[in-house]
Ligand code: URA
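What follows is one chain in structure tokens, specifically the form predicted alone.
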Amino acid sequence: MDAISVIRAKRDRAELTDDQIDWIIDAYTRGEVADEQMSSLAMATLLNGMNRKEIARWTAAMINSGERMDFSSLSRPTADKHSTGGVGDKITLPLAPLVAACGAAVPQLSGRGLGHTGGTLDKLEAIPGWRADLTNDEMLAILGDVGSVVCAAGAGLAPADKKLYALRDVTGTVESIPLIASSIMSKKIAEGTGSLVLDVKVGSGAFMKNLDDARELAATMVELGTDHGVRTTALLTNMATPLGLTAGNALEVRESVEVLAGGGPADVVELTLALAREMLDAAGLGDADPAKALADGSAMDHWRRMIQAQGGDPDAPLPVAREQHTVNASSSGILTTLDAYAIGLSAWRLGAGRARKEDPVQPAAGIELHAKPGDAVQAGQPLLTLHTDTPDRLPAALEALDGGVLIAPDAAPATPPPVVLERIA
């Protein structure tokens, strides 16, 4: 077996055999296959695709490249959620403790932001003292005690995916549906959760820009999960506009705490509850009422315990940016567009995100939204507040907003579009 024959097979639109897939994943993980060879195969896969049999085998090979976690010792059923990434997507923060408050164990392995999409770990690291890196024993202990944990995946979990993901990011092959699906599902299946709910974002701020691609990705991942014995469902959700009223790390933590306190933006609450109901149903806890757990304070109690268990201080003040800049409405009318990609790119340029994995982020950087599409606005009214510790970033951040904020003078106030577009099971 050799890398060139595998590359040529996919280049020529042939179906890769099980032996070819097993060999290339194992050899790449061990360093026998060079990055330039694997990047060539990734590009061939992006251009020519994979069938269901190939994707299933590719996923299994990545799972088998490392360890598998075991939560069978827990007294609670396990349920997890994965989002394909968006702008203002802070849902994991209120969701994990909320589902734990309803009786499930939530082992949430999360990642960092890259480019215009935010990362859950970056957000939580805005809380003084909180740490993302836990041993497997620490993770199990917190799950047994608190019921939820949000942490980084260990180095032993699907190491083939860790190498391949970094390669895809710098070779223009992130958007391949087979590679996205196998990347996400190899980690989630190796993680050992009993059930999984996928939040597949659709729109300008998501990797999947149109409904057909999002539907294909969701269906592929649901099939992979089901084939590996994980009860899996997916919601297709709107990412044309940022979720909630904040994009940025500390800003999103603050908004998440507002949701746990019984307030927060309607769209964040709606999606949090929709995903919580899916997770609880998949875990066999469909009689639990997550809305009640938000209202009675039990979700907030679990949040505080979860943060403390990972070294964080839930009462500590969150970082505040040294510089703020307000963008006002240029005219009166109805705000018709608040483009998620433009907001995400602007927040990234302010310092909320990173261009390379090793780059630091500014915990306090980001954007506050003072209106959402469908709202009536007056000329001079604040629309956005930009936060940064480095004011020289403001011109580039403002440039990113060009064309992303549109006001129609003659439009009528409109009902916001639905947050949940479809369910796939």
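It should be emphasised that the depicted structure is a prediction, and the values quoted were computed from it without experimental measurement. Note that residue numbering begins at 1 and tracks the sequence as displayed.
Omitted here: the form predicted together with uracil. The next part is about that form.
Shown here without its partner, the chain carries 59, 68 and 160, none of which come within 4.5 Å of uracil in the model of the complex through any heavy atom. Uracil in the model of the complex is approached by residue 183, whose closest heavy atom lies within 4.5 angstroms of it.
Put simply, residue 130 is far from uracil in the model of the complex: not one heavy atom of it is within 4.5 Å.
In the model of the complex, uracil sits within 4.5 Å of a heavy atom of residue 82.
Uracil is not drawn, but in the model of the complex it has no heavy atom within 4.5 Å of residue 309. None of 179, 167, 269, 257 but one reaches within 4.5 angstroms of uracil in the model of the complex through a heavy atom, and that residue is 179.
Among 187, 215, 354, 277, the residue placing a heavy atom within 4.5 Å of uracil in the model of the complex is 187. Residues of just one listed stretch (344 to 352, 82 to 90, 224 to 232, 100 to 108) have heavy atoms within 4.5 Å of uracil in the model of the complex: 82 to 90.
Interface residues of 87 to 106, taken as those with a heavy atom within 4.5 Å of uracil in the model of the complex (partner not displayed), are absent.
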